[in-house]
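Given next are two forms of a protein chain, the same chain in both, each as structure tokens and marked structure 1 or structure 2.
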Structure 1
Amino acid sequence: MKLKILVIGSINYDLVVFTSRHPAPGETIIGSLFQTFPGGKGANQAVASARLGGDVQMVGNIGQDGFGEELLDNLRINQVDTTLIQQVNKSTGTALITVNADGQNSIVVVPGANATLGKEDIQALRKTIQSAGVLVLQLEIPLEVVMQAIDIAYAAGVIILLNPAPAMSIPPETLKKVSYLIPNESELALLSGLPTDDLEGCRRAAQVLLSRGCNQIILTRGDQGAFVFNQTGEFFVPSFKVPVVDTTAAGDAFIGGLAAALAEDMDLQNALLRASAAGALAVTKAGAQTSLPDITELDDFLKKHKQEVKSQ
């Protein structure tokens, strides 16, 4: 039986300007292109899971404005249950992104409505969290909200996926309750207090978190694949070789793919294979949610990479 996936997180509207270079303080320059995209790590991961066959419900706050309405419609189009998304008297979360000719980003995020999600909202959703099969969380909403949701889910035996992004310190007692902690190298460095400049450094940093009671750490390293560290050892999940167009939301695709596979009661090795393929497909297209693959694309991709899959 397919388990319900509950995503609690951010819903943002991305405003992207392309320029030859970033402006200096006080300077006005002319841009070459302006685009808007649905975003927010929470919404990205919800859409990623839903496109890959997941039964997904999203919890988050948006503003009573045009941006919020557009984001709500987009989630519905992508088969995400939006009945628990609240419209509040605050602007919808936005990300103001400037991209220069080298592809380097300069980003200002205004949390807006995302910051209004409170502990009382999570308390009101206690039964919903307890009845979920998989809970997916990130850190673009208040940390206290994330911690409370983890407490409720842990007591109910729910599978908990935590993507600790943007990186910030998390109490060890919270990390102990997470089923799968999914950081990248910089997030692992902040959580452990150790450098993660190479694989050995990553191993040492992971051991620090495992010694504090972490259950499983899934370290994503982009085109260098992913490593799983747990109390019994480690194993490697190779990446797929694909032409890279844009790495935006590749991590969200990975997490969405993992959540969808775990909700199908798939074993971790095969679930991570699907997650890796989802992340690979995402980098072959531009944009965040626009790059997220659907289940047909994913299945076709894995069929075409049979030999690569066998070697894994």
Structure 2
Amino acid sequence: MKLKILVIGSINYDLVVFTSRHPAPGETIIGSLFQTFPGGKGANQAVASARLGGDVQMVGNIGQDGFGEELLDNLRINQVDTTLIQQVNKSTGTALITVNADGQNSIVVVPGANATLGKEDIQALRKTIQSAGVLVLQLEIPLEVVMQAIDIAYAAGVIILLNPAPAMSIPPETLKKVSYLIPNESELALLSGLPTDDLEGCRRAAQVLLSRGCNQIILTRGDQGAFVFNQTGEFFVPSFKVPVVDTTAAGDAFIGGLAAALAEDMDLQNALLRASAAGALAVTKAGAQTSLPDITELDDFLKKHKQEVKSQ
């Protein structure tokens, strides 16, 4: 049986400039292209899961504006249940993104409506959270909202995925309740208080979080693959080598892919292989939700590339 996936998170309108390099402070440079895309870590992860076969419902806030309408339509087109998305009296969240020639991005998020999601909204959704199979969260909505959703889900035995992005400190009692904590290196550094410049540093940082009671840490390291750290040891999840166009939402594709696979009761190693393939495919195209693979693309890609990861 397929478990229901509930994503509680941000919905943003991405305003993206493509440039040869990121500007230095105080510098003006000329970009090559401006485009807009549906984005927001929450919405990206919801769409990523839905495109990979997940039964996904999203909770989040948008504004009563054109951006919000467009984003809502896009979620519906992608088979995400939007009945719990509220339109509030604030501007829809936006993200100002610069992508350089290597596909690396820098992002400024203006939360707008995302910041209006409150604890009372989560309280009203208690039953929905309790009946979800997998809960997916990030940190582009207020932390207290995330913490409350985790408390409810944990008490009900729901599988909880937390992507601690953007990085901020999280109380250990919340981290203990998360089934899979999925940071990148800079998020792991902030959470642990240790440098994560190399693999040994990452291992030490992960150990700090494990000693504080974290269950499983899935560290995403881009083209360096991912590492799982838990109380019994660690294992490596290889990355796929692909041409990089735009890394935006690669992490979201990974998390959405993982959620979809876990909702189908796949074992963790195979679920992570699918997540890694989803992340790889996402970097080959421009934009956030525009870059997320569907199930056919993912299966074809895995058929072609599985051998490559076996040799790593």
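Note that this is a predicted model, so its numbers are computed, not measured. When a residue number appears, read it as a position in the sequence of structure 1, where counting begins at 1. Between two forms, the rigid core is the largest collection of C-alphas that superpose within 1.5 Å.
Matching the description of the form predicted on its own is structure 1; structure 2 comes from elsewhere.
Annotation for residue 17: C-alpha shift of 2 angstroms or more between structures 1 and 2, rigid core superposed. Superposed on the core, the two forms differ at residue 32: its CA moves 2 Å or more between structures 1 and 2. When two forms of a protein are overlaid on their rigid core, residues whose CA moves 2 Å or more are considered shifted, and residue 131 is not one of them between structures 1 and 2. When the rigid core is fitted, residue 108 shows a C-alpha shift of 3.3 Å between structures 1 and 2.
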